[in-house]
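Here are two versions of the same chain, shown separately as structure tokens and labelled structure 1 and structure 2.
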Structure 1
Amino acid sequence: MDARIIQQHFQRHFQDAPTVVVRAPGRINLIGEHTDYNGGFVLPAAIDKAIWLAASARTDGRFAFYAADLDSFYLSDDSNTVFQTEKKWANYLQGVISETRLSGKNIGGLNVAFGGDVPIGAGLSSSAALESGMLFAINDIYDLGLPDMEMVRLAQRGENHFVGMNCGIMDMFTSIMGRARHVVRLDCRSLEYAYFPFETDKYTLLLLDSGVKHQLVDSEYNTRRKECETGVKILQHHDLTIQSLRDVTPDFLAQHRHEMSDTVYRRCRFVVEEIARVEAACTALQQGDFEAVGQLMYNGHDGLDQLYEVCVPETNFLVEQARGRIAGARQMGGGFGGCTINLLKKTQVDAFVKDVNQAYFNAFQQSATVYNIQITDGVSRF
């Protein structure tokens, strides 16, 4: 699926050419998992897997959406109102409209066709790509004048309030603000960000998709968030300046360990350590020390598995195949399946992929899909 095909789908369904065609990328995250909703740091990048979205205004106030990959169509009534529907994919688009309206902007009817190559449920944020693309399109069509960071916030609110997924801000931020050949460190509390070049002749990034769809993620994700909040509330009894786990040091957490359940302690410990790992990874990147970045990735994976408990046997297996062989690997994204992100020397790629695929097939009787990814710019007009 690419821009040309989406334009053709649009033409076929709406008998007209779109006024705007948008490319909205998926994302990777080098390190910094489950830190965004804890006010911490993340280190993601936009990638060359994207949603293409073609759109134009409609005069009858209806919303007509076509999801090309699913061959599914949604048409609202003529009240120019958004309603939650059983077609979950349509709620991502409507959530964006709903929140943008709540922010005081007027939006009339819309025709939209979209599709792309961001795999769903693989931890590459296909939903944030869709929301970002939709925001970019309505900003253009209805001349809303929304600055980039406002689009980021509206996309997140749409997903939180309309779709009901209590996600953090990392995914939509990356889809909108990504920059080619750079990872971006976002301070999810202040929303300050800084780009770090990810340029090396020697190393590359590779994704291995376990093929396990992260169905559990919505409910378990919200549970993890609550556990972190519980930890913060307990720690606030001792220091009211603590707003989130970002404000907590490992020592302070250890001191108050006995006041919380073991589960809450382990969730908090993972987050506190993971926030520190992002900062360490930025320093290592600046020094060109990719082996150190990789070690932090392995440590992050161990925390995700043992402390945050969001890994599955398949992703653990993929990381174990990497350990001791390549610079770094870890499960990426919300958890419960999806992709591992692997940092390795370019000269290692062929043999690594061959061996891991064989071992994975022997263990699970299924193949892991390999994605060689490039880091690209964020959302843009085609």
Structure 2
Amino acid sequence: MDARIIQQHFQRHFQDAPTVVVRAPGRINLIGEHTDYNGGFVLPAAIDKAIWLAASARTDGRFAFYAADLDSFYLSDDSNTVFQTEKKWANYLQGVISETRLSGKNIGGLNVAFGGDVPIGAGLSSSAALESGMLFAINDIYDLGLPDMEMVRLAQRGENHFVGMNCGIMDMFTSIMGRARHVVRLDCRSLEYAYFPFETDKYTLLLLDSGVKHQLVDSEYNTRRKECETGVKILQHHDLTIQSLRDVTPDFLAQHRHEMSDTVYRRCRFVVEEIARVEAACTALQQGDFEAVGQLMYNGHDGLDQLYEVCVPETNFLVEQARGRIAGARQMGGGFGGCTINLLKKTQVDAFVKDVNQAYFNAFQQSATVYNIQITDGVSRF
């Protein structure tokens, strides 16, 4: 899918040329898992897998959406009111319309066609890319003058309140605020951010999709979150300034280990160490030390597996195939499946992919889908 193809879809369904064509990227997260809801840091980047969206205004106040990849069409009723629909994909678009209206902005009708190459269910945030692209198009068509960070917040609220997914802000932030050849450190408490260079002639990033879907991630995610909150409440008895695990040092946590269950301690330990790994990775990137970044990724995976317990045999296998061979690898995302993210020299890619996929097939009777990725700018008008 690209700009030309999505324009063709738009013209075929709406018999007119679009007013705007938008590219909205998916994202990776180099390091920093489960730190967002603990007030910590994440280190994501926008990538060259994207949702393409073509749009123009309608005069009747209705909303017409065409999902090209699904060959599915949605048309709202003539009440000029946004309702949730059984076509779940349409709710991601209607959610941002609803939240933008609730913010006081006047939005009329829209024709929209969209499609892309962000893999569904691989942890690359296709839904956030769609929401970000939709907001960018609305902002452009209706000249709303929304700042970037306001679009980020509206996209998140659309998914939280309308779709019903209690996600964090990282995915929308990255799709809108990404910068080519940089990762961005986002402070999930203050929403302050800073860019760090990821530009090298020697190294690249590669995703290996285990093919395991996140079947347990919602319930287990909520459990992990509650376990972290339990640890914070215990520590607050000793220091009232602690708001989240962001405020906890390893030494302070260790001093009060005996007051926690072993499970709660291990959850808290992972988060405290992972927040520190994000900071260390930023320092290593500034120094151009990609081998140090890679070791932090391996350390992060070990913590996800042994302390946070969100890994599966398939992702563990992929990381073990990488260990000692390439700079770094870890499971990416909330856990219980999805992709591993791999940092390696460009000269290693072909042999690494061949050998790992053969080993993975021998072990699990399936291949791991490979995604070569580049770090790109955030959402933009084509």
Ligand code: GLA
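The first residue in the sequence of structure 1 is number 1, and each one after it adds one. As the structure is a prediction and not an experimental result, all values here were calculated from the model. Rigid core: the largest C-alpha set superposing within 1.5 Å between the two forms.
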Task: Pair member which, unlike the other, is the form predicted on its own - done: 2
Task: A281 C-alpha moves between structure 1 and structure 2 by 2 Å or more, core aligned - done: no
Task: Threshold 2 Å Cα movement between structure 1 and structure 2 at D187, rigid core reference - done: no
Open item on the list: So that I can tell if R101 moves, could you say whether its C-alpha shifts by at least 2 Å between structure 1 and structure 2 after the core superposition?
Closed with: no
TODO: Once the rigid core is superposed, tell me how far the Cα of I242 moves between structure 1 and structure 2, in Å to one decimal.
DONE: 2.7
Task: Following rigid core superposition, Cα shift of T230 between structure 1 and structure 2 in Å - done: 4.0
